[in-house]
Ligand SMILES: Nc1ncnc2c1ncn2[C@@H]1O[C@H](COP(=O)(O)OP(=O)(O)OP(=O)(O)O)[C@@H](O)[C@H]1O
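Coming up is one lone chain in C-alpha cells, specifically the form predicted on its own.
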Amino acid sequence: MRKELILNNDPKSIISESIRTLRTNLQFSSVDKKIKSILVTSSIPSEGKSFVSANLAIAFAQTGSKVLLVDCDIRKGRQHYVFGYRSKLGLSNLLLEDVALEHSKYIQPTEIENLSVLFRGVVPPNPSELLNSEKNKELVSILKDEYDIIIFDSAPVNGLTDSLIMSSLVDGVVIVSSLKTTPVNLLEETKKSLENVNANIIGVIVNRVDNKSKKYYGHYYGESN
C-alpha cells in the first residue's frame, strides 16, 4: 500500500486521528441536509489536497460507508500514483462514452474495504469543457445514487474554472491550505471565487502544521461556515 495512505498504514498516528476528526466535523457540517458529495480543492498546486482526499475517503470507508474517490483533476491529478495504479484510463475517457452504460468499467476497487476509485484518465485538450458537459452532470447524478459518500479531488482554483464548475454538482466544498506556503490573498481569492458561484464551503483545512517537530502532515483543522 502506498505510503501516502497513512490512515491505512498508520491508523493510530496523530495524523490519522486528525483526519478522522475532520471526517466527523464534515458529517455534522450541515444540520438540514446530509453531506454525501464533497469537493476537495486548494488555491495552488502542492498544498496536499490529493493526500487529504485519499485519506478522507479511507476515513469514510472505515465507517462502513460505500465510498468512491473521483480524481477530477484531469490536468494533473495524481490519485493513480497515490494508489499505485498504472492504467491511463479514467474519468476523461469515460466522459467520451455513454456514462450510464460504461461507468462501472472505469471504477477500480482498492485494497481498502468499501473504497473504490475513478482515476483521472488521459489528459484531454479541453478539461473544463469535459467537466462542464451534460455527460459529467449525468455521471455525478448516477454516482450519487450508487455510493454513500463521494470525494472529488479537484484542480486548484487559482487560474482555472474546473473546481468552480464541479462545485455546483456537489453538496459541499473543502479548501486545503498549506501553512506558511499558501499566500493569504490567494486563499481569500479562492474563497471569493467559490462564493461567487454559490459553492457551499463547508471547511478549510490547514495543512502541514508542526506537531512536536514533525513537519510532514501535522494537523487538519475543519472550520465549518
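From a predicted model like this one, the values you see are computed outputs, not experimental measurements. Residue positions are given as counts along the sequence shown, with the first one as 1.
The discussion below concerns the form predicted together with the ligand, not included here.
Peer 1: With the cut-off set at 4.5 Å between non-hydrogen atoms, does residue 50 touch the ligand in the predicted complex?
Peer 2: Close contact exists here: in the predicted complex, residue 50 approaches the ligand to within 4.5 Å, heavy atoms only.
Peer 1: Is residue 172 near the ligand? Define near as a heavy atom within 4.5 Å, in the predicted complex.
Peer 2: Residue 172: no contact with the ligand in the predicted complex.
Peer 1: Decide whether residue 15 counts as a contact residue for the ligand in the predicted complex under a heavy atom distance cut-off of 4.5 Å.
Peer 2: It does: once the ligand is placed as it appears in the predicted complex, residue 15 has a heavy atom within 4.5 Å of it.
Peer 1: Are any of the heavy atoms in residue 45 no more than 4.5 Å from a heavy atom of the ligand in the predicted complex?
Peer 2: Residue 45: yes, in contact with the ligand in the predicted complex.
Peer 1: Looking at 78, 135, 144, 103, which has any heavy atom no more than 4.5 Å from the ligand in the predicted complex?
Peer 2: The residue from 78, 135, 144, 103 that makes the contact is 78.
Peer 1: At 4.5 Å between heavy atoms, only one of the stretches 91 to 99, 144 to 152, 70 to 78, 111 to 119 reaches the ligand in the predicted complex; which one is it?
Peer 2: Heavy atoms within 4.5 Å of the ligand in the predicted complex occur in 70 to 78.
Peer 1: Quick one: 4, 156 and 207 and the ligand in the predicted complex, is every residue within 4.5 Å by at least one heavy atom?
Peer 2: Judged in the predicted complex, 4, 156 and 207 all sit within 4.5 Å of the ligand.
Peer 1: With the partner left out here, which residues of 157 to 190 have a non-hydrogen atom within 4.5 Å of the ligand in the predicted complex?
Peer 2: The stretch does not touch the partner at all.
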